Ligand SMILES: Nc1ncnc2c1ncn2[C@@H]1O[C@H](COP(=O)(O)OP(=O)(O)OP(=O)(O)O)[C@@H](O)[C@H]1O
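Quick setup: one chain, the form predicted on its own, written in structure tokens, and binding and motion questions come after.
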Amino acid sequence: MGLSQVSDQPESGRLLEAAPPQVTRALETLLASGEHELIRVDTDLTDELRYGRRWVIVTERRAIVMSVIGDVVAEASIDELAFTRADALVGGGELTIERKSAPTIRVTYSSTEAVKFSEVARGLEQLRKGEDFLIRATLDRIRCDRCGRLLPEKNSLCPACVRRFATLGRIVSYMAPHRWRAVTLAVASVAMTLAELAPPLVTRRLIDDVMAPVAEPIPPVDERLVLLGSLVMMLAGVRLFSWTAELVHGWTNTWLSARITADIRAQLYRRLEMLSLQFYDKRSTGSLISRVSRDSGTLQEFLIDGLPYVIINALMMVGILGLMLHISWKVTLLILIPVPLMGVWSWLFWKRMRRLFHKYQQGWSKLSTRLNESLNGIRVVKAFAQEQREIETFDRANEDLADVSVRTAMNWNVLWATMSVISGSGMLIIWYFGGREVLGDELTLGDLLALYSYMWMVYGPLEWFSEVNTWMTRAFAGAERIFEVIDTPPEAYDDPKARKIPRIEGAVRFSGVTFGYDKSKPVLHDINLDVQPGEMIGLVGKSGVGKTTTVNLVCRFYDVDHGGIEIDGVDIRDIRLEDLRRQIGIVPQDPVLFSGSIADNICYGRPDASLSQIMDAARAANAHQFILAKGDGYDTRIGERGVGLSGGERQRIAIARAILHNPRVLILDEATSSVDVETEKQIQESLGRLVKGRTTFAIAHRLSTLRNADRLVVLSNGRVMEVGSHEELLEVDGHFAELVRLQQEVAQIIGVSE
């Protein structure tokens, strides 16, 4: 690859991290005219294996290692490189830049930076060999770009930097189909606010016009009794109005919250079903389940309880302050003196409480994990007589949880005691200064009592607003994690350019296929293979050579990095994904069965199949007899992953499922690896019926099971080493023959030990 080709690359295609000013200035001086940075990354370890920063810069001409202040530590031209590699070490790794006639350059880093330096090594090797410069310009994020905090998961969102208003706006957008209920909710919220503001005003009239009249002359007792009855009825009416508004608000809010959460959860699950396996490879299943269950549950809880609390109390604050200022602006300002103190103390305290709550949750998680492991592994515990050890471990976790529970409760009590003292100062203020206003005839007793009531209506929510802020942050962080998945591009099921192929013949061609789950470390290298329709191909080799990866590419679970795969002369990427996968059947090593009846599992690929078709498929799979022996025959319920069935029975149901599916391309991935000899014989008979007339890729460690394959493809280190029939490869006496000899030796050893 010419230097000009590298230089013409857009900067977005290069791995460039932001460097400090000292490094940037040093590079401006160091780099020659026409020399461009292709890679600029920092490492987090020094030569002494201490935490510190160094910079690795790669141009089309050389590799440079710099200190954080811009001094050149080491330098090597691309022409003098012998090889470059990134090696994994204990707790970290090392970038090795071997030079032809100079000392080797070594750059150490922690495990966190391993993927990044794998790309650096890959880029240097491409430059050394004169290949196209193709590296990942963007790597997995482990820290927040904004605040630098460690992320909960790679490429996930930072809970501390959640865009609250943007997230809230997106949540609210789900109300669009239910706008009339949203309007009802808004009206009910305003009605509840007005109903809460009215009682102190009515109380003021009860005092000033009935109990202790201030008007001259004082009205007769009879008139005041009539007014007393009217005002009491008014209070009853306000309470009835408040109860009605609260009922309407509660019902509407609960319905809307549940509906919005259900809509978001449904959209999330639809997207999870449509995402590629590459997405799942980078995330734990538990994390994704948590988004569907825990995050959506937290969001619903906040929408039902938290958001209405914030809205109603915010409206009440505005109304209360307006009324208080109207009654007496002097006393109101005095009453508000403790408010900043309450706000600051509440914020500081909840910051501390969040840490304690986090430790409390960690304690519960640790205790639950320990309990789950010990009970699930109770047979192992008893087999090794480790009951006392497990009890002691549980006791330690239990004591830790008890300690943090006590600290949390004590701090909680301190919060309320302190808040009581602060709010008590407000009570002293209103009685002293308000009392002076009453004695000076600037306020009536009714005004003072109304202010007193409104004061507590102000103080009460302030004690909780910091916690509501935490609640909101947690809920919106969960919503952002949900939206992150929803916004992930799905597999190309709806590609308008894809070709519809309702029936494929089964000709499969690999042309220079190179692929790696980590692009810097290919699993398959330059695979070339031509498979004819109806041909059975056996893939053999040691574990980890790329056999399962090869068939994954046929199913287009992943797209190749280089080269291409064609089916019937059409690039697999140009075939409609649904048409492709509908005509591929898989019998995996560990078949996945779902909760339901045996019949439901057999017809999973063809839900419209009749019972007679299901039974025919079961007979072909040698499963009919054992199914009939079950209590309810084909209606027998099986548990998750086929609980209640033996390994051989699960395998034959999986074969029956594939037979009923009637695929044009069949993939057998270790279909007989973990069954006894008799069961294997039955499975082999059923597989013999299944492979007829279909293009078949079979993976097996027992090489004897592939005798009937038309051709065997021997893989080693991701490359095709040999291709031929069983007999031809034995005659060649190469890799395959060596594998056969090793298996025969193992079989003899096992036979002697038995």
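Numbers follow the displayed sequence, beginning with 1. Small disclaimer: the values here were computed from a predicted structure and weren't measured.
Only in words, not in the display: the form predicted in complex with the named molecule, which the text now covers.
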Item checked: in the model of the complex, residue 542 touching the named molecule (heavy atom, 4.5 Å) -> yes
Check: Could you tell me if residue 481 has a non-hydrogen atom within 4.5 Å of the named molecule in the model of the complex?
Finding: no
Check: Taking 4.5 angstroms as the cut-off for heavy atoms, does residue 298 touch the named molecule in the model of the complex?
Finding: no
Next item on the list: Consider residue 93 of the chain shown here, and say whether it contacts the named molecule in the model of the complex, taking contact as heavy atoms within 4.5 Å.
Entry: no
Notebook entry, point to check: Among 456, 558, 412, 431, which has at least one heavy atom within 4.5 Å of the named molecule in the model of the complex?
Noted result: 558
Item checked: One residue of 701, 53, 719, 689 in contact with the named molecule, assessed in the model of the complex (non-hydrogen atom, 4.5 angstroms) -> 701
Item checked: Segment assignment from 548 to 556, 190 to 198, 573 to 581, 501 to 509: heavy atom within 4.5 Å of the named molecule in the model of the complex -> 548 to 556
Next item on the list: Residue by residue through 575 to 603, tell me which have a non-hydrogen atom within 4.5 angstroms of the named molecule in the model of the complex.
Entry: 589
